[in-house]
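Here we start with a single chain on its own, the form predicted on its own, put down as structure tokens.
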């Protein structure tokens, strides 16, 4: 089985990280569109053009399914759009519904962070309207985190300064849940924990996306119970070009960071 996973850049590695545990027997192709990152500040028309090119690339590689590991790309690639292609295409969206269902009854508000395109898009606003019956959800765009992530910058003071500046208009102590609505945001958990109250819950769409992938592939349950990790069957591409040995070392740094975050 071969699964294609793509993102505008390195954020989708967090989805690959999850998929490697859930489908240890699968072969993966990971495509980072480094020529066009960040998607979150492009137009919808531009992003759909990138998606078309990537999906054609994946189909040429004879994948059995494609995961759009990018909330921004999914926000402009509707279900009708994705249904044009001959393999299942699984998108992501900020896990607002999950956050409301799990934590909506608790005191406090829910903050959803995403890219400017996702925040401005009708898809997210319709989702919030459907699930936020008590008007407890707030939205914030954090495009700077994409830039930090793409530079492999996980541990500088500038990250915390940026977050505090962008969140200064929000009463951070009032939030009970924080939704990570961009896969690039997963790398910065230590900084969120410094800013938000200790009892806040963090929610992302990675696990739900992989569960949907399993359903589309006909799995009744995850293969995670095998307790094995797929270390060797991933092919990496930067905008269609195979990564070099030096670039692979860079990717390894991101994957190691995700391993560290698993223990936080």
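Positions refer to the first chain, counted from 1. Predicted, not measured: the structure shown is a model, and the values here were computed from it.
The next section is about a form of this same protein that is not shown, the form predicted together with a small molecule.
How about residue 37 - does it come within 4.5 Å of the small molecule in the predicted complex, if we only consider non-hydrogen atoms?
Contact with the small molecule, yes.
- Classify residue 111 as contacting or not contacting the small molecule in the predicted complex by the rule of any non-hydrogen atom within 4.5 angstroms, answering yes or no. No - in the predicted complex, heavy atoms of residue 111 and the small molecule never come within 4.5 Å of each other.
**Report entry** 4.5 Å heavy atom contact, residue 146 to the small molecule in the predicted complex
**Finding:** Heavy-atom contact with the small molecule at 4.5 Å: present for residue 146.
For the interface check, one of 101-109, 166-174, 123-131, 69-77 should have non-hydrogen atoms within 4.5 Å of the small molecule in the predicted complex; which one? Among the listed stretches, the partner-contacting one is 69-77.
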